[in-house]
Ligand SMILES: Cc1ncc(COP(=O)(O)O)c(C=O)c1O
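Here you get one chain, nothing else, as structure tokens; it is the form predicted alone.
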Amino acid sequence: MRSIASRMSVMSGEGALSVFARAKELEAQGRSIIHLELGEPDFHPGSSVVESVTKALAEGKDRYCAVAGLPALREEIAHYLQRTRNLDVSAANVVIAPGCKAALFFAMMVLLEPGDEVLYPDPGFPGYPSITLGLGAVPVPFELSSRNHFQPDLTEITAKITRRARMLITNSPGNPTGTVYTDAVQRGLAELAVKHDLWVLSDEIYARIIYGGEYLSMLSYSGMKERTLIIDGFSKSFAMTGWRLGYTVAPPEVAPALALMAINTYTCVAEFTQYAAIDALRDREGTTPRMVAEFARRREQFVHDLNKSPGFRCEPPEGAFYAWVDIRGTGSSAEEVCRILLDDAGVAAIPGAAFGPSGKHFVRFSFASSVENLREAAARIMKVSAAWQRTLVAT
């Protein structure tokens, strides 16, 4: 009997997408649903970006192109990282991919052998352990705990590094917690990576969405240039989710291997979207700063409203656009809270366990939605909170 490859049995999906599917079913039945489950900005790219892609298509830029990406785009990414993160990178070390997930997958495939151990944040993006397992490697979670303000615990990570450790994944600002790693934490992580000769996969997709201070990339620390890969893209900071544009900045010996992966899989990323990406990076209209300023306004309002809901406790995130809510005060499980929110209130949110075992007492809301939607969601949440308040009284 023919069968599916065994690697598929250890890989997992994403909780956000399953909740989204259920929410769409309810919408099809005529229900009013406020979608706070997906990490998708409710903005669109600036008009100049749309004009750029239209112009590129009109000029016939819809052909095969350079495997690693248009040289002009790779140069622009190098300038962009210098301008926004004070990083000195070579365009030759930039490889364009069809989305950050693809960039993440191929980077891990290039660097990991079966049995290698990968340290990754828990709660965190579900793809980290899923891809690790699919490649025959071993995921080793380190906890992001509320008692440590969701910062990585260097002592815990040190204790979990064995001779089989191969890679450390960092994600700052982080999904789902919104944590921006402190300079002291990142410096400590860099020292551990050098000491134990680890590859560092720095997921920086939310790097432009921070609410104070200057962003510090893992690549900026001593000893990191030769071992760090930055994963970034256009979905979050430029509201280009459906364009499927990501990139990796890799050490010189790794970039050709990533290009070889491209040759054997997607060949190249669509030429016309890459021309538009150049315009997005230049951002002459100031689209990204305006979007981040609006997210900051929403964050302040929505976190305040959530903290008025009985049993909810939420620290304001330092980056990204997620509210990570501790629901232990409700006396109910996160799954039950999310069921009530969706079925009774029409508010779609994600149970925290979808991001790892350490998230089991939390619920993630995306505030990448309009102020009006967020206010209405908070009002609906307050109304149905009587359900778990009754549970508390009964117990």
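This structure is a prediction, so every number in the text was calculated from the model and none was measured. Start at 1 and count along the sequence shown; that's the residue number.
If you look for the form predicted together with the named molecule, you will not find it shown, but the lines that follow are about it.
S.K.: Check each of F302, W199, F312, Y128 and return the one that places a heavy atom within 4.5 angstroms of the named molecule in the predicted bound form.
M.R.: For this set of options, the contacting one is Y128.
S.K.: Select from the listed residues R208, R85, R166, K101 the one whose heavy atoms reach within 4.5 Å of the named molecule in the predicted bound form.
M.R.: By the 4.5 Å heavy-atom cutoff, the listed residue in contact is K101.
S.K.: Quick one: is R298 in contact with the named molecule in the predicted bound form, heavy atoms, 4.5 Å cut-off?
M.R.: Contact with the named molecule, no.
S.K.: At the 4.5 Å heavy atom threshold, is R227 in contact with the named molecule in the predicted bound form?
M.R.: Residue-level check for R227: no, no contact with the named molecule.
S.K.: Please tell me whether any heavy atom belonging to Q151 falls inside 4.5 Å of a heavy atom of the named molecule, as the geometry stands in the predicted bound form.
M.R.: Q151: no contact with the named molecule in the predicted bound form.
S.K.: Tell me, yes or no, whether R187 is in contact with the named molecule in the predicted bound form, where a contact means a heavy atom of each within 4.5 Å.
M.R.: No, R187 stays farther than 4.5 Å from the named molecule in the predicted bound form.
S.K.: With the named molecule left out here, work out from 70-78, 278-286, 153-161, 199-207 which stretch has heavy atoms within 4.5 Å of it in the predicted bound form.
M.R.: So the stretch in question is 199-207.
S.K.: Would you check whether the named molecule, in the predicted bound form, lies within 4.5 angstroms of a non-hydrogen atom from each of R339, N373 and R380?
M.R.: Checked in the predicted bound form: no contact with the named molecule for any of the three.
S.K.: Since the partner is left out here, which residues of 207-242 would have a heavy atom within 4.5 Å of the named molecule in the predicted bound form?
M.R.: The stretch 207-242, when checked against the named molecule in the predicted bound form, contributes S235, K236 at the 4.5 Å heavy-atom cut-off.
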